[in-house]
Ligand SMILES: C[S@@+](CC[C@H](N)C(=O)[O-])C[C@H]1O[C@@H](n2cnc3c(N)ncnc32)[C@H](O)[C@@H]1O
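This document starts with one chain, in the form predicted alone, laid out as structure tokens.
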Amino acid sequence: MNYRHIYHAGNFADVLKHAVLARLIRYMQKKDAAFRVLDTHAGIGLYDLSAEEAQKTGEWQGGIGKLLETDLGPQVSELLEPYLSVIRALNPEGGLRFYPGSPKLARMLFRPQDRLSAMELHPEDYLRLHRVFEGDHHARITELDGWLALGAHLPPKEKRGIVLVDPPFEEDGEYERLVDGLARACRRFPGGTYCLWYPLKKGAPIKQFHEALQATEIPKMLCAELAVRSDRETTGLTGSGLVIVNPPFTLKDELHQLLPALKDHLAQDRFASQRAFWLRGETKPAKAD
């Protein structure tokens, strides 16, 4: 994937990732104690969907654009409310121009005691990210290879945290780096909640990736996948997945409500599918719908 996120901001993969991230944040806030979100590949923080790059692909129209126009029903709407409330706050005059990256989404959901650490290696993107959070004492923005943060920046001083790992998948071996990075991070911060994003596309080594994760013997790994179309006639992105380590006990049931609704409303052909299952945890994997 040639991955500058402005081309993809707000697409179906962002919808899944950000909806789940918002649920994780709300769960952490059930306790008064502060926590930190560590975003290892943070991007520029805030995306203008009217920009030439976003307009060139129009991917947001099949993601957040479609979701905002949909009657989701009361249960799914309630689960998506934290995520969608941020979208509405960024677009107070209505419509959809601005879309949050993961660090901006997290920051807008924070309480006064919660904190953000965001890493971005690309020099231009780092400067743009830094400007978004300039003067914000709740956010620490660092120009750093996010893979290094999984060692040097863990555990957080708050001793509670969500670690989001969303690499660009521009190079070979990213699935292996996810596995190795998670194993290293869990040795330093075993009680953290980890959310790892990965792409679904033709030829992707998903089975081997899942088996490698299982081989780490890290307990409580929940997997969520959403594919919006068949991969038979394309080499591009057809879906995405998340691996959530130490998930809230409520998340599996929430995914069983969210994923079918997202599949129904974001499907691009009749081969769209979704599934939520334990890689290591309570039950055996379920078949895709």
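Note that the structure is a prediction, hence the values are computed from the model and not measured. One rule holds for the numbers: they count along the sequence shown, beginning at 1.
Unshown form predicted together with this ligand; subsequent notes refer to it.
*asked:* Whether R36 contacts this ligand in the predicted complex should be assessed with a 4.5 Å heavy atom distance threshold; does it?
replied: R36: no contact with this ligand in the predicted complex.
*Using a 4.5 Å heavy atom cut-off, state whether L144 contacts this ligand in the predicted complex.*
Answer yes; at least one heavy atom of L144 falls within 4.5 Å of this ligand in the predicted complex.
_Considering non-hydrogen atoms and a 4.5 Å limit, does this ligand approach R187 in the predicted complex?_
No - in the predicted complex, heavy atoms of R187 and this ligand never come within 4.5 Å of each other.
_Whether G161 contacts this ligand in the predicted complex should be assessed with a 4.5 Å heavy atom distance threshold; does it?_
No - in the predicted complex, heavy atoms of G161 and this ligand never come within 4.5 Å of each other.
*asked:* To test your reading of this chain, name the stretch in 199 to 207, 101 to 109, 214 to 222, 79 to 87 whose heavy atoms come within 4.5 Å of this ligand in the predicted complex.
replied: In the other structure, the partner sits against 101 to 109.
*Interface residue in the predicted complex among R131, H138, H122, R97, criterion: non-hydrogen atom within 4.5 angstroms of this ligand*: Selected option: H122.
*Mind listing which residues of 12 to 27 have a heavy atom within 4.5 Å of this ligand in the predicted complex?*
Contacts from 12 to 27: D14, K17, H18.
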